[in-house]
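Single chain ahead, by itself, as structure tokens, in the form predicted on its own.
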Amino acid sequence: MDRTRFCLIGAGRAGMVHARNLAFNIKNADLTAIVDIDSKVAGKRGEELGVTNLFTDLDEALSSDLFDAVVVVTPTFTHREILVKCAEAKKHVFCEKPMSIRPEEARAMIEATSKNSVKLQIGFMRRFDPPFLHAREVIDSGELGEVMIVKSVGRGPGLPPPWTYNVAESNGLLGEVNSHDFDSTRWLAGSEYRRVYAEAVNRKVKKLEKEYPDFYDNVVCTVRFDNDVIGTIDGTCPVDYGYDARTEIVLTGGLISIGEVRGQAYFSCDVHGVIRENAWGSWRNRFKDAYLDEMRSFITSVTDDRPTLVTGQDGLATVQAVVAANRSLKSGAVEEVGS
């Protein structure tokens, strides 16, 4: 198989990042179909991308012979049903994060892809970002000794979609935004989560308190891994000042720092000494190249029949940690991950 034909399932903002890459920026991929429950959205996206095979019904799309793989970019609570259907139709699956709401859903997704011998990759693009990759290489080399502490910041400029406001049915901010932090921290620590303790508050979106009393827009987690690496994960959404993804790794022989708030090569200073710089406006800009490289990696897994670099087990591990953190918010206690 020299080229891989794709169907986009879910043509929203995140879906269009992958769609544009597949349609215009990756030479051995073809975007041949789009599925979206809104026919107007599907039509508009199809016109932009040059795709004429448009569907509002997934079963109808799967009954065709138009694609080899799917990119699932729909609300998290739909992932299990969609992925299992695609796997049973023998389609390889790239699934955006978070993998699922509950661990049992993630396990069912892993089982379906394994049973049907199709590839599954989870969209944790930080693993393909050059600074994160370099950090992992330095850690693996041992030149700075062993990892002791990993601190990860994940903050978004605007609110996640409304379906995330009910934390019990969505995992809230920890799932929708900070799942990236849970995955990258685990990856850099090189170990599985043992336990987590979390505190959260709602400070900026008070209008949601009455209808969604468990909603939070600020959260801080303290984590411990099986290899005794410790760390923190903090998230805020919305912060309004921009997109902020930073990581700090303290090792026995040094320090690694990844990322910064500044997002453009712009700096000014006026006669009063006031300095102005530009922050990253969006995750789409900050991780532009990583989104390309993660999809290229997935295609290579499909065409060369290789294991994917971010597996269903990686997705499950993050879901387990997020669920434990939300459980900690309720209990006020340290929670074991996976229990």
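Since this is a predicted model, take the numbers as computed values, not measurements. Don't overthink the numbering: it's just position in the shown sequence, from 1.
There is another form of this protein, the form predicted together with a small molecule, and it is not shown here; the text below is about that form.
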_I need the one stretch from 73-81, 112-120, 189-197, 220-228 whose residues put non-hydrogen atoms within 4.5 angstroms of the small molecule in the predicted bound form._
73-81
*At 4.5 angstroms, heavy atoms only, are 36, 41 and 283 all close to the small molecule in the predicted bound form?*
yes
*Can any non-hydrogen atom of residue 11 be found within 4.5 angstroms of the small molecule in the predicted bound form?*
yes
*Can any non-hydrogen atom of residue 96 be found within 4.5 angstroms of the small molecule in the predicted bound form?*
yes
*So, in the predicted bound form, is residue 245 in contact with the small molecule at a 4.5 angstroms heavy atom limit?*
no
*Is residue 127 one of the residues lying within 4.5 Å of the small molecule in the predicted bound form, judged by heavy atom distances?*
no
